[in-house]
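Alright, here's a single protein chain in two forms, structure 1 and structure 2, each given by itself as structure tokens.
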Structure 1
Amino acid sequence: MQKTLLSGVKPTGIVHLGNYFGAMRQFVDRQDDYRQFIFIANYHALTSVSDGELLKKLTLDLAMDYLAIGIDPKKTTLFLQSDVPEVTELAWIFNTLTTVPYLSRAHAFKDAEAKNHEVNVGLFDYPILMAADILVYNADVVPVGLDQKQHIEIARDTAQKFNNAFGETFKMPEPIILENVQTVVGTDGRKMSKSYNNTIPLFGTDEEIKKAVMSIPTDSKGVEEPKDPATCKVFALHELFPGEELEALRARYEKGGIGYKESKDLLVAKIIAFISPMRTRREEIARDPEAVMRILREGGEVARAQAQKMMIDVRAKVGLTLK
């Protein structure tokens, strides 16, 4: 039997190269080999977006992005997290098995708390809702970027806790984190992230891409000086496009004779050439939002049926069902 793959992205901003290379591209590459569930994590987005109209827009945009990169709704169940309210029920049951000190140790919570005085309860509980997302479909594998690794560990711990308390029910999900793109760097050298204002948008215009790439800081080495590809943030982004050209560029860096301006121009050209076909496809998809909503609705029905099946078993085991 085919294994089940599941993953999601939050509709909290514009999709960027980090999302694509770290996670979303795998959803396309693997859809022939897995029974695949891909969703839009709109319940999770509520922890940071509190404008209904904006959330709707970001949600539809992300659905279009998924389709434009090549997610095929005939092969992948593409849906909204909120079309399967069973996940919130399962998250509640998991909450009762999870301690406050355990969740207090989660990186995302600690980071948020360090920055932001009063973290909402949804954000604190974020990993448990994510565990429910993964476990309600009995996912075998979850492709994500490195920043999500701890969340998958929490999902595994939670499955274990439930199984220990109520008998074997959930499978242990495995993350799939691609070594070479586990953390795509942003234009400021930190992890590229919607929340850092350092992204290169996946469907940006030529101008936006150029502007983002040109803003990457470099050192003051002259054109002729040898440069270290391992510490150059521009080169780190070139590495998203492996092949002969990359190796030739690496040699030029090491030997000297290429300036950062030329390296940036080459990178802009590479990104634009890579994303152009997807951008064109996205423009076509955006002409028919009704069709996109239909795909999500149909995907939601398939996903929900699966989740409901799991919840019959869960409800019976924990004692919510009386007979």
Structure 2
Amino acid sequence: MQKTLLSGVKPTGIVHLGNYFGAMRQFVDRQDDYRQFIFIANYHALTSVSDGELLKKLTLDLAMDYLAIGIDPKKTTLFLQSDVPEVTELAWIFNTLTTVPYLSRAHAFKDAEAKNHEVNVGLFDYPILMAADILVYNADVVPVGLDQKQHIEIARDTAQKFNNAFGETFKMPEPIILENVQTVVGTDGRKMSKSYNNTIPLFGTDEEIKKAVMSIPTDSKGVEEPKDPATCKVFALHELFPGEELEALRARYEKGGIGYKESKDLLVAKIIAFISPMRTRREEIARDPEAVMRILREGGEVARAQAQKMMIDVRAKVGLTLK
């Protein structure tokens, strides 16, 4: 029997190369090996997006992005978090087992507090809603970056608290650590992130891609001078495309004989050649938004049936069902 893999993605901005190489392509690669539930985390997005029309657009755009990269709705259940209201009911039940000091140790909350941000209750309680997302579908594995491992630990702690209080109910999910998430660098050398404004859009136009790549800062070494590929921000992005060409480029860097302008031109060409087929598929998908919404509705029905089955057991155990 296939194990269940679950992942959620917030619709809070334009998908970029870091999203794709760090996580999204993993779901395409794994959809023959797992029973996959991939949801668009629009409840979670409400902690930072307070424009209803914008959230609708970002949500539909993200669904199109996933279909364009190769997610097959016949193999993967793709759905909206909000189409499964049982997840918020379960989160409330988990809230009654969770203390404020425990949640205060969550990295996202501590980071926001350190920056003197006024934290809304949704952000503070974010890990518990995420635990409900994971546990309501009986997920066996959850792919995460190293910086998100704590979320799985919180989900496991929450499952254990419930099981201890009410009897064996939830599986203990395991993380699949996507170590390469940390290596997808942005145009400034930091991790590629919308919050750093250092991204290269996955479905950008040729001109947008060129503009982003050409903005990458470099040192002042001339064409014939040897260069260290390990410290070059341009070369770091070349490494997303391994193979003989990459090794030939590495040799030219170390020997000398290539300038940063040529390296950037080569990178632009690589990125455009790589994304062009996906970009074409996305344009075709975007012509029929009704078909995309139908896929999401059907996925939501599958996911909700699973969640409802789980919640019958949960409600009975905590005493909400008077039978």
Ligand code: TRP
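Remember, predicted model here, so these are calculated numbers, not experimental data. What we label the rigid core is the largest C-alpha set whose atoms superpose within 1.5 Å from one form to the other. Reference numbering: structure 1, starting with residue 1.
Identify which of the two structures, 1 or 2, is the form predicted in complex with ligand TRP. Of the two, structure 1 is the form predicted in complex with ligand TRP.
Large Cα move at residue 160 between the two structures, threshold 2 Å, rigid core: Yes, because once the rigid core is superposed, the C-alpha of residue 160 moves 2 Å or more between the two structures.
Please state whether residue 83 has a C-alpha shift of 2 Å or more between the two structures, with the rigid core used for the fit. No; that C-alpha moves by less than 2 Å between the two structures.
After a core superposition, would you say residue 146 shifts its C-alpha by at least 2 Å between the two structures? It does shift by 2 Å or more.
Core-referenced Cα shift (Å), residue 96, between the two structures: Residue 96 C-alpha displacement between the two structures, core-aligned: 2.5 Å.
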